[in-house]
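The form predicted alone is given below as one chain in structure tokens.
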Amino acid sequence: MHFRRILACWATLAIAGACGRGEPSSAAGAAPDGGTLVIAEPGDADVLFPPLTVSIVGHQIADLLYDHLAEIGDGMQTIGDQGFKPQLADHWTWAPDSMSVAFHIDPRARWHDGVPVRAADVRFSLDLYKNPKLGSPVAPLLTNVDSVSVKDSLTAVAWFHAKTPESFFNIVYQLWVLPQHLLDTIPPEKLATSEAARHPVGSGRFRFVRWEPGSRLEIVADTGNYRGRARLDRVIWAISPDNNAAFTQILSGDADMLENATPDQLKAAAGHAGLRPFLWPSLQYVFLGMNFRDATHSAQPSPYFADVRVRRALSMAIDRRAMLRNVFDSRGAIGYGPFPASLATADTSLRLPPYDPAYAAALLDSAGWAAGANGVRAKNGKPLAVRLLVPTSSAFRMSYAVLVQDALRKAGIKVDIDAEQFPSFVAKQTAGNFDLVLAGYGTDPNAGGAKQNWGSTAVPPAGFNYLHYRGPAFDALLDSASSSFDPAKAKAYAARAYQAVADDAPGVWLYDVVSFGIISTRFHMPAMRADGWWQHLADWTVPADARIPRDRIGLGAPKP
């Protein structure tokens, strides 16, 4: 069967599986909650501490172990508090001037060690997130939250600098509430490497069991949780060195789920009766980023990409749509700018540098990078030779690395591929130890989330702006977008902010992440939220007659 026909057939099943199979039927053997989900994961967590994690697995663990004051609804409405549901706070009350909101903590809420959650934990968490000694990349998104005061043991009052349409969203979506009694004696600068960060204690419907880096990460249902027991008994991430090794675990039955499947893997799995695809929405996008700083001397500008002519030349030397077809066949989604197209404020009509190799060559000539006899351009005796950082955990980005290398070779740019396993990739990206990087960014469901990736205040260690891009026009326009109560005006300001970044050409916008995963047909999944397939994982089910004693196969018994 041709891949497009396979994809169309599987897509129908995926949508049905994601949206129409929320509960097991009695014919399927409905039974009390239980069962184990094993996720084949081609990448480990970086750290299990919510304010500092940047990895996908790290975010998954944070979302499952910890709670917010309130939970955003599936519609991802970020204006006001409509659509938000109680979580740690069972209700809240606004001040008449909307400059503060009082959250009443659910008196049943407990940390996983049995200690009650209190308003002081909320105050401690905000202070820690904003502490420069911690260096949380989330801090730039909490700038409008002035402070939290404790009215009584169960009432935390959040105070804002200004009345904005997303004041509530900022405090509840960005802030995971952390246990003060376990963290307040640890210096903020040492938290990332502390035992508390390796053995997290949250208040969510799952609790932490073990983390064996590079091998296994396990959580289990918190049976006495104030929000109700998770319906699965436990979830295991079986860490693999790459996507192909993870896929092998799916085919062998040693794992139940692969969250990102390549077209070839979808074809191979289509013949297995016990597997089905699932399509999950995403707020992620992938781009080729150019470091504005010298990779080996971070205090100095890049000898290549400090010049906008070089950045634009590189953009124009890359045929984005041809690469998309090469890697994704018919299921890719082209990138339109520094945002995913699914974002409410996205503008898919931005002016981007077109594919034009001849004009790219002229730009490099004008910047002084002359063509050499060996095919590599040079300037003042220095060759135009760069290193491209890419994670081995992403089969898609690995494929793109080879295509980018070939395209830039034709433009006279020598590219050496620096392929790293995910922990090393994160370390090098954070340290700025790269010239080019195939980066994947996930954004929040609002315009202001872009500040964390592209804002001048988000240069590490304060945020995820690993390129050290600084655009005053972008900063000002994004602030205007975030402060407007008029959705149309907010989108217009955001579009101008995105265009400012596009004009500076710090990256080549390659593709939006449209992900097909593969999962065992034993599992029943509620509808998925755009900010993560795992958001409703506590409500996944597997019929009793379809459960597998996971300690007897594949992974073996857990290590003590």
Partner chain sequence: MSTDTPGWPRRRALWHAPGARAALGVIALFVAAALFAPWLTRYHPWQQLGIVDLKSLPPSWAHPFGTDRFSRDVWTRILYGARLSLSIAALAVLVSSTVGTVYGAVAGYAGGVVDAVMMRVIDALLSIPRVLMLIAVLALWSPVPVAALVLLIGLTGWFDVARIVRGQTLALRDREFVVAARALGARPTRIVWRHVVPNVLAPVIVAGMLAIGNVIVLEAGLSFLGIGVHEPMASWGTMFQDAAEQFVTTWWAVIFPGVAIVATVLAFNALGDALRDVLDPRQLPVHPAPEPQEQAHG
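None of these values were measured; they are calculated from a predicted model. Positions refer to the first chain, counted from 1.
There is also a form predicted in complex with its partner chain; it is not shown, and the following applies to it.
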Look at the candidate spot formed by R118, A120 and D146 and say whether its partner chain comes within 4.5 Å of a heavy atom in all three of them in the model of the complex.
no
Using a 4.5 Å heavy atom cut-off, state whether H468 contacts its partner chain in the model of the complex.
no
Classify Q405 as contacting or not contacting its partner chain in the model of the complex by the rule of any non-hydrogen atom within 4.5 angstroms, answering yes or no.
yes
Is there a non-hydrogen atom of H91 within 4.5 angstroms of a non-hydrogen atom of its partner chain in the model of the complex?
no
Within 4.5 Å, heavy atoms only: does S456 come near its partner chain in the model of the complex?
no
Among A95, A322, A488, A358, which has at least one heavy atom within 4.5 Å of its partner chain in the model of the complex?
A322
Which of D127, D74, D264, D81 has a heavy atom within 4.5 Å of its partner chain in the model of the complex?
D264
Which of these stretches, 469 to 477, 331 to 339, 417 to 425, 221 to 229, has heavy atoms within 4.5 Å of its partner chain in the model of the complex?
417 to 425
